[in-house]
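Okay, here we've got a single chain as structure tokens, the form predicted alone, with questions on binding and movement later.
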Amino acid sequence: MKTNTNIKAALTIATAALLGTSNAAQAETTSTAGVEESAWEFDSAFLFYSEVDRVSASEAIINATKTFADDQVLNLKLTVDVLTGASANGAVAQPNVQTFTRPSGNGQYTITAGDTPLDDTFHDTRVQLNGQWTQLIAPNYTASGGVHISKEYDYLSLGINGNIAFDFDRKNSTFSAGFSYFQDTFTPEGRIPKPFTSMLIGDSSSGSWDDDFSETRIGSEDTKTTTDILLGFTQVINRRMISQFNYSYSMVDGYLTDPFKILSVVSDFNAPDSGIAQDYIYESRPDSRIKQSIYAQSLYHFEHSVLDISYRYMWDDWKITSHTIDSRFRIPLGDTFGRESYIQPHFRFYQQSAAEFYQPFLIDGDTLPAYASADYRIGEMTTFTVGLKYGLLVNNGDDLSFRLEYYRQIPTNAGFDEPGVLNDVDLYPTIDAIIGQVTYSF
């Protein structure tokens, strides 16, 4: 039978998640100190995510944890993702048919009048491995360290992380400090485009096409590094309630531009064809970003049910700010609908402001800014997720659960005036998605 993770361990896992690492091993140490060596415990999950008429993702996860007799814990995790479908290229919808060159430079695709430009060749497979080792290094001190490797078709990420936690006040209070460092290498198909260079559109079979396309490129690969620091404090309030507070600091340097995103350059307000695309240029973003966030989470155990609620506020030097409220309420059903079954409603609300260089389009003839991107992911938006999880015990006490959720993303205008024909098309389309997950722990 799988060991039940206690309430304090659950919050420790949440702390590690903010660093982008899997640190369940540390949580297990917190809850199993002094026990004998245990058998391997496994968590497996399959997740499916699908946006209407856009990207779909399938993800398989297997997580293994081994607790040794001397309170040392090994945690291993394998994740495989497959993404397919259509991805917005950044250009605005138009009242006429539009033609774009594929990122590879081989071939072109057309978009129907009035539709958001989507590149339907989006496809990628990611394999990620994480390893984590945790152990007591002194009375009340627990240290953890891990490695990370993730490989996609055009992307390689290597990382390390470390964390130290100190228990005091009869283990009712815990202070933790952690870090992680990642180095990522991009080798995009079609190579890296020159910022603000016009997309080459025309007869790709012409003899000069390859040379002309190469003139829009600056290299075959680039890199970025990410350093994260996290400080956390966990406090047992009483026998029913525990809270956690975190502060995180993240510094990213290197290539942060998306090589597959472009901007439309449209005619100005006074032109006879106001708002019609005159050109498509590749985006440009700063080569550094500093993000900070504060996070608070509380778990409250009622007589039978458990409420889990958290809030996160993030800000960065791109002038993006965001608010996230996440809540889950676990309600036991007894044995009526399965052995020790339960349901867990989930609601998440997210609100984000736009980056200072976010622009849904550029005006023809205006001086180019230092940076610009039409990527809706750094634009102004509100999202919400609602869903339900159902779980029960099977076989010899293994955990089986099913989760189904609905996600809606609502981009909004961040204060831009829309010239001419852009008033007649949808510049900020809503995105709807369904999320399904099956989890089995044994």
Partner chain sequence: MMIKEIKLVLLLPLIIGATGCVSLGVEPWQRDLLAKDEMSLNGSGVDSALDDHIYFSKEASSGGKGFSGGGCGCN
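Residue numbers count along the first chain shown, from 1. Note that the structure is predicted; figures quoted are calculated from it, not measured.
Another form exists, predicted together with its partner chain; not displayed. Remarks below refer to it.
Q: Based on heavy atom distances of at most 4.5 Å to its partner chain in the predicted complex, which listed stretch, 365-373, 270-278, 164-172, 135-143, is the contact stretch?
A: Partner-contacting stretch among the options: 164-172.
Q: Identify, from the list Thr116, Gln98, Gln352, Thr101, the residue with a heavy atom within 4.5 Å of its partner chain in the predicted complex.
A: Selected residue: Gln352.
Q: Which pick from Thr187, Thr226, Ser198, Ser204 sits with a heavy atom within 4.5 Å of its partner chain in the predicted complex?
A: Checked against the cut-off, the match is Thr226.
Q: I'd like to know if Pro360 sits close to its partner chain in the predicted complex, meaning any non-hydrogen atom pair within 4.5 angstroms.
A: Contact check for Pro360: no, nothing within 4.5 Å of its partner chain in the predicted complex.
Q: Taking heavy atoms and a 4.5 Å cut-off, does Gly178 contact its partner chain in the predicted complex?
A: Yes, Gly178 is a contact residue.
Q: Is the gap between Leu299 and its partner chain in the predicted complex 4.5 Å or less for some heavy atom pair?
A: Yes, Leu299 is a contact residue.
Q: In the predicted complex, does Ser327 come within 4.5 Å of its partner chain, counting heavy atoms only?
A: Answer no; every heavy atom of Ser327 is more than 4.5 Å from its partner chain in the predicted complex.
Q: Could you run down 420-442 and flag each residue that has a heavy atom within 4.5 Å of its partner chain in the predicted complex?
A: Read in sequence order, the residues that approach its partner chain (within 4.5 Å, in the predicted complex) are Ile435, Gln437, Thr439.
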